[in-house]
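The form predicted on its own is given below as one chain in structure tokens.
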């Protein structure tokens, strides 16, 4: 494989020889979600211990499409620029029916953003960058590889964990326990929590192919999706470029596929040649999968909190899995830090409400995409094919095509922490250039009143202020609003037209859970 899977060192934990002091937070799982969670908490001054039963990054490219909002969150965590510089940036998608292009779309038609619409970067690079960032924050992050959590028990004011290591078992305690172990979450299974949703019977083949001279090379990288391509009759296919001249190819195989026989070079190599023709290539990784769209009824169970795929899973079409998990982290980090510093524990209920809302949105879009891609009857197939035929000439039909509606930041307009009904309330901040950088660099990670006019805005000491310069970008993105109050996760929780210290204080109190 192209990536060097060097193992991370195992260090015998102190709990093997003596009881450890109670940790503020224990995070189980050192994938992108668990590592991002530890970094977020560290930047809020909260210490955590991260426990993982493995000691290498994920094998295979796995999650590769990282959306603009996710990249902005990663920017705050200290790895966004590195991901952008290594990754393949893109914003244009092309959709084909057979050999013919139906239409194309631009996901970020305006300039003036630090990050592109999407960056394609293999999950192993993302995990590597996050591990290195966590190691740089070792005063706050205790990263333990080959530490497998085998049991846990919630004692009301703390959670006790049983851990197995190469040197034997030990126990530790934490005030909060975060399950970030992925779709097969042992924590969820131990607690016997229902994981409700829909299982899709279709099988899909993922292939990572190194192509030194790609037939798909364009001036700017693009996402290509085919319905019934000539090289894969009657099914669908998806193509993304990754770094290191590696291309991700997803091929629909059908519900009756034998995964073991399909994930072999004898089956895969002819499929690759049918796509690229007679040219050199190297098979880097392959996997056959089917998937579910499902979630927990609740993400918060007293002192046990679920994030990422431990809490919700979707199909890979639309890039909503990893991106949704990072939005979980962004939502939970500042709230858990506030609770550990004395805020009401009910603030965590807003994490549950807001991210269940976000997962419902992702599951809805993901299920619709899969149902459109894999019609279950002749009528559904007829509808899809006629939609594709009409879309080539009629824009109205393009809105009906669903090959994976790509990840967008979740809006939280009607959630309990927000104040007022202004159209901006609940939206994630909208980036724009500043004289000395970018808005996402200047205001994320804390409560901040973003002022948009020259009035004398007086705010409590707990809220920073940032005056936006008067530019065309500001007018286009924020209109004539006087000021907006940003939460630490960058969501707008209130808008104001005039300086009103009492109104600002009331909105802040509501956003921090101090008032209902």
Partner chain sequence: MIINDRLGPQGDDVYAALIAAHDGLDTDQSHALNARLVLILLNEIADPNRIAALLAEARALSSSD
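What you see is a predicted model, and the numbers here were worked out from it, not measured in a lab. Numbering follows the first chain given and starts at 1.
Another form, the form predicted together with the partner chain, is not on view; read the next lines as being about it.
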item	value
In the predicted complex, residue 390 touching the partner chain (heavy atom, 4.5 Å)	yes
Residue 269, heavy atom within 4.5 angstroms of the partner chain in the predicted complex	no
Residue contact check: residue 164 to the partner chain in the predicted complex, 4.5 Å heavy atom	no
Contact of residue 382 with the partner chain in the predicted complex (heavy atom, 4.5 Å)	yes
Stretch in contact, per heavy atom within 4.5 angstroms of the partner chain in the predicted complex, of 303-311, 271-279, 69-77, 382-390	382-390
In the predicted complex, the residue from 183, 442, 136, 400 that sits within 4.5 Å of the partner chain by heavy atoms	400
